[in-house]
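Next up: a single chain in structure tokens, the form predicted alone.
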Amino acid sequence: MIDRTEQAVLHALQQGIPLVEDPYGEMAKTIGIERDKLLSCIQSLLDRGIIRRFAARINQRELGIQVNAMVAWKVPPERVEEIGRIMATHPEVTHCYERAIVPQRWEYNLYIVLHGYDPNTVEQYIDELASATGISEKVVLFSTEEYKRAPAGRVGEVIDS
């Protein structure tokens, strides 16, 4: 259970940390609490697992990273963990997870999401992963348009692609 102060702190964190000399002081002032109270509240939320991680969110399009692909791989069940660990170490892979197959309908069980500057480069990354793992059966789904990009807990926003 969280109290009103913790709710206010969570809301402020979801809005983003201000790029000022004392961002926590600025956030505390906005919430109406002391800076030390804000910091202890954040630490408590982390300790209790309410906040799982604290990270920067990069706008990849501003960096020129325009191409995203999800790749579904058909991996023998006994090799999923091994192959997943190999794929997860590739620098351009941002997500790597296993999903259940649907026999005779969808046999792909390992999924990755990766990013690059152009389609050819992304295809090269996929080829490198296939070569490194010996897995060749896959389906590649390139993103064509981005409709929403927001961290959990925020009201949706539409992003121009």
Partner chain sequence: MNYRPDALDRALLDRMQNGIPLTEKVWDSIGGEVGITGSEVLQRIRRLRAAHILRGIGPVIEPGEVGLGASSLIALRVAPERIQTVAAIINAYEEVSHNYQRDHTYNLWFTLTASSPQELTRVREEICRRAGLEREDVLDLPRRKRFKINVRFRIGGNGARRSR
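Positions refer to the first chain, counted from 1. Please read these numbers as outputs of a predicted model, since none were measured by experiment.
Separately, the form predicted together with its partner chain exists; it is not shown, and the next lines address it.
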Task: 4.5 Å heavy atom contact, P76 and its partner chain in the model of the complex - done: no
- [ ] Using the partner position in the model of the complex, report whether A28 sits within 4.5 Å of its partner chain, counting heavy atoms only.
- [x] no
Task: Residue contact check: I51 to its partner chain in the model of the complex, 4.5 Å heavy atom - done: yes
Open item on the list: in the model of the complex, is there a heavy atom of its partner chain that lies within 4.5 Å of any heavy atom of A130, even though the partner is absent here?
Closed with: no
- [ ] Counting only non-hydrogen atoms and a 4.5 Å cut-off, give the residues of 30 to 68 close to its partner chain in the model of the complex.
- [x] R35, L39, I42, Q43, L46, G49, I50, I51, R52, R53, F54, A55, A56, R57, I58, N59, Q60, R61, E62, L63, I65, N68
Task: Outcome for the Cα pair A55, E81 in the model of the complex, compared with this form (closer or farther; change of 3 Å or more) - done: farther
